[in-house]
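Just so you know, structure 1 and structure 2 below are the same protein chain in two forms, each on its own as structure tokens.
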Structure 1
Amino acid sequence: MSLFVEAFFLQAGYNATLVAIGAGVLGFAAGASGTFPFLRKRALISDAVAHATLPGIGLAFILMVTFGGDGRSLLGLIAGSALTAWTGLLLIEWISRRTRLTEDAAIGAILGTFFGAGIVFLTVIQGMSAGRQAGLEGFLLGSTAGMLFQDALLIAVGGSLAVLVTWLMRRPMTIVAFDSDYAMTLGYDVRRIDLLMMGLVLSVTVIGLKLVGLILIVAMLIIPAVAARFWTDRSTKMIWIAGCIGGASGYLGAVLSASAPAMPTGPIIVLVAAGIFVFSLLFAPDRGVLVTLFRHRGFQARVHRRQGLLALAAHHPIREAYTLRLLTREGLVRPDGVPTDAGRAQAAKIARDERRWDVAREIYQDTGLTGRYDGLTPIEDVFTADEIAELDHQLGPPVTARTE
């Protein structure tokens, strides 16, 4: 526990500190730049982008070694991975635009093929000169062991740039994500903006490769954005919320993994993010599952109650057992379906409202008002008291509930 506190306050050693800061910044950048692809319903392109970095890493290594370099130069590897990932992106776009294949098929095809090619290159490297390739497998799942200051610097600079560009371009990206046809009529170059969105994802992916690996970086690009969606309906706010969720997961995950042995950083970060996501899914105030289920049950009860009262008002039998139970529980009918006095009174009120609606719909030919004649909306929600009084006037004197 004390190790956790130490790590949390960055007192657990130089490497742990670098990792925690790096993971926090990376998480923030990933959350922010993952927001728009998610809103554009293309979250999984980032999966393809991430997998398509592998052949680039392999190729870059082979090239650098062939020309006498070190082969493990981070910038070289990043350049290579960015190049193949970009190629993959363009191919996905080309396939889904030019052929009858849908985008998801294109994503899967590019992902599988590029990753396969990447594995081929990795095995080529294994054959080239044993020992020198050490570390490339680290790009699959990430490794924090050998994190250098320059690695953290790369994440800090690259991540900040990605956040900055996301923020600067938030308006065009919002419009394109919301309604790309409309964006086109406004003169936006939708294709370019799409590529920019994915370009941001790509940059975050390549700078995060070494730390969390290409499979788990996908989680950092998707999960914070999905979690953030539960807390706001505004895209600009979502950038920041997703960023904070991502940043918190990165930092906490790194701290947790530093405070116990045999806790791999990447998976812990992802699981922290997933925890935040599950919490949001369940407990978010408006879109959360619990609230939604509760609301749905309430809604169902309202429908049945209303239908039951309508049946009472019309002197029809109540057909459904659930309706009967509901009204019985409220003391509106006896278990044999005969209405009580309270039930009669409520039914009379509903009958009166139905008549008021009939008159209202004749007077107001306005669908904005009459469109709310859906059986559930109380008439008092739609018309003012004096308007209702006027309706009553046209209806004539109130008919008391028939109690024959």
Structure 2
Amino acid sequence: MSLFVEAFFLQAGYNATLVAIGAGVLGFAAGASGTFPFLRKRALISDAVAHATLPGIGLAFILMVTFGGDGRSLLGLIAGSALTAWTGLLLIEWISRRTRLTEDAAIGAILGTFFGAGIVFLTVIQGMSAGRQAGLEGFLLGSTAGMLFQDALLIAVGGSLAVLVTWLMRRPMTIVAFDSDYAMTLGYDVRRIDLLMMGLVLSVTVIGLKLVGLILIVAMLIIPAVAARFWTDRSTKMIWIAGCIGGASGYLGAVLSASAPAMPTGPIIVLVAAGIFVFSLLFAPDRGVLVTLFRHRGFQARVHRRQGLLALAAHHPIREAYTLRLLTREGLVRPDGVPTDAGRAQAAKIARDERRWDVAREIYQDTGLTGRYDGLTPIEDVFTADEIAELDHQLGPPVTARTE
């Protein structure tokens, strides 16, 4: 626990501090940038983009070594990965637009082809004299052991720019994400905006390769946005919520990794993000599973209560065990099914409301008003007291339910 506290408050050493800050910034950028591809239902394009970076890493290393440079230069490796990732992105867009193949088929083809080419290049590099100590396998699952200040600076600058562009372009990207045809009528170039979304994904992917790895960076682009969707219906809020979830995942994952040095940072970050997703799935106030379950149980109880009271009003026995238990618990019937005074009053009220609605449909031709009747909405929530009095005037005096 003491190691965790030290790492959490950035007291666990220089490298642990760099990694924690870099992971937090990267997570925030990934969450915010992944929001619109998720809303556009193109989240898995980020998977293809990430896998398409691998051949670029291998080619960049080979070229830098061939021309006498340092093959492990992070800037050169990032440039190479960005080049092949952008090429893969353009190929996916071209295939889905110019051929009969669907986008998911294009993603699968490009992902497999580029990743296979990358593995071939890594194999070639391992046979080179300069490649045996290259450490390029760290780009698959991430490696933070040798993280430098310039690496953290690159993540901070690149991530901040990605978030800034996402915020500035939030309106056109929102319109395209929800209704691309409407966006075209407004004069937006949908193709360019789609490429911008994927370009943001690409930028976060290439700057996060060193920290999280190309396989796990996909999770950082998708999971925070998916988790944020449970907490809001507004895209502008979703950007910041997804960013905060991603940032918290990156920071806490790095802190946990620093407090348990044998644990890899990238996978721990993804597991923390997955934990936040599960929490959101279960406990989000509007869309969470538990809230939905309680809401369904409440709706079920209201339906059984209404049906039971209508049965009492019609002097029919209550045969459903759940309905009988419910009305008994509310004191509306006795355990043997005989209604109490309160039950008879409620049954008469429910039966009269049914008749009121029948009269209302004859008097009011506004379907927007009378169409709100679902059997559960109280009539007092739809009509005023004067309007209900007019309905009662049409019905005549109420009839009291007889005593058994």
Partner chain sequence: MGAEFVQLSLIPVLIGILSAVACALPGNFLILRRQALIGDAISHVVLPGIVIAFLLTGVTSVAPMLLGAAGAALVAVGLIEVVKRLGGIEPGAAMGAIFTTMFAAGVLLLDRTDTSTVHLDVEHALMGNLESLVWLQAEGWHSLLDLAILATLPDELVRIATVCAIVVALTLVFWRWLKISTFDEGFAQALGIPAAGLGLGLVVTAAIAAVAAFDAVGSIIVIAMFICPPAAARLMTNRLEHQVAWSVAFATSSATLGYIFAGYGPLWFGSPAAVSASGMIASISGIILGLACLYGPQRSRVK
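The term rigid core refers to the most C-alpha atoms you can superpose between the two forms while keeping them within 1.5 Å. Residue numbering: sequential along structure 1, first residue numbered 1. Bear in mind the structure is a predicted one, so any value in this text is a computation, not a measurement.
By the stated condition, namely the form predicted in complex with the partner chain, the first structure is the one that fits. Hinge residue, chosen from 248, 79, 287, 314: the C-alphas switch from fitting one rigid part better to fitting the other at 287 when the forms are compared between the two structures. Remark: the rigid domain rotation between the two structures, smaller part against larger, is 15°, computed from C-alpha superpositions. Taking the rigid core as reference, the CA displacement of residue 293 between the two structures comes to 2.9 Å. For residue 391, the Cα shift between the two structures is 5.5 Å when the rigid core is held fixed in the overlay.
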